[in-house]
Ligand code: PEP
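A single chain comes next, written as structure tokens; it is the form predicted on its own.
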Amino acid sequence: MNLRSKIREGKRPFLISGPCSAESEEQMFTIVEGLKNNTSTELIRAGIWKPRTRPNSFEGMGEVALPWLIDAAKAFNLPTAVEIANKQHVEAALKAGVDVLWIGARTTVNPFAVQEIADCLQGVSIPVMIKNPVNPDLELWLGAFERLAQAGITDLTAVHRGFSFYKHPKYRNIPSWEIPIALRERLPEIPLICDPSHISGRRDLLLEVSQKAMDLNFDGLMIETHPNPDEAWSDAKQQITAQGLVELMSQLVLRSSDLPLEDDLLKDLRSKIGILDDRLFDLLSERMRISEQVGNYKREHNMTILQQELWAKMIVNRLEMSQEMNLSEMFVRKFMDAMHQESIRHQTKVMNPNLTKKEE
């Protein structure tokens, strides 16, 4: 199958679903039957090998489970996808007749592992989906695509599943939406799928994350489903039933990505935004010129660039203002940090002119 064409030319969202782990022949047949008869699922996923954080956790049934997935999907005329992490997984999946491979986040983060998979796929024509690495590193994600492309794999798809964060109050893996957006900017021809199950880690957040992905013009969704989610052997809290998937999809609002170029109101609003953006950049440029004057003062008085106590007070003050200004604390914090780093760069340039190399 040509997955890229199927995603881009088909109805949005392209839906991938199936259990976190293939647990038994009966489980696979039951969930695939439910998905085929009730949902618009176009690709069946199932974990065969499960990379776990600690030993003695359920690590998947292994190669014995491949026929359960293949036979269940074939019975309902659906293609299959499995996660692979090494050469042995690739060889077993190809031998079993899996239609699509995906590289998981714990593998994408390791260039050696990705290269081993790429080398194993030399001369093989099969679609490969690549999840983002566990840490928010766009270059690592891009590198995985480059390694597969150099091996001759051209049917590639990106899967955004969020990034590891220690005990986040809401998400299992923080979305950091700016990273998949940046990936699409660099690789506009690559379809982009969202994995709300791994971002949310809990079924009550699946709709929220799925809607955000659709509003950001993602091409599809990968959602974990199970006949009895509460009894699942892995990631029980984030899985839903086939009927739960039906309900979720019925609540999604799908909006057009087409620009109404002839709409005068939108043109006027975009023009106003452009004017404000110009003013913002003028103000930022002026602020950095003043930062250089501050740098000159600090150099003359032998002061350090970073004044930690003053900076801490500035952050507290701006965060307190965020709600009044109708801005999120996260945005204000990121903006202030970015502006502070640029200010430090300008002060460094005037305080240490002989040591500061010209920036490219």
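Remember, it's a predicted structure, so these values are computed and weren't measured experimentally. Counting begins at 1, following the sequence as shown.
Keep in mind the form predicted together with this ligand is missing from the figure; the text below concerns it.
None of Lys298, Lys50, Arg318, Lys36 but one reaches within 4.5 angstroms of this ligand in the predicted complex through a heavy atom, and that residue is Lys50. By the criterion of a heavy atom within 4.5 Å, Arg106 is counted among the residues contacting this ligand in the predicted complex. Among residues of the shown chain, Cys20 is one whose heavy atoms approach this ligand to within 4.5 Å in the predicted complex. Using a 4.5 angstroms limit between non-hydrogen atoms, Trp102 touches this ligand in the predicted complex. Within this chain, His198 lines the site of this ligand in the predicted complex, having a heavy atom no more than 4.5 Å away.
Only one listed stretch (59-67, 299-307, 42-50, 331-339) carries heavy atoms within 4.5 Å of this ligand in the predicted complex, and that stretch is 42-50. Residues are counted as partner-facing when one of their heavy atoms sits within 4.5 Å of this ligand in the predicted complex; in 128-146 only Lys131 qualifies.
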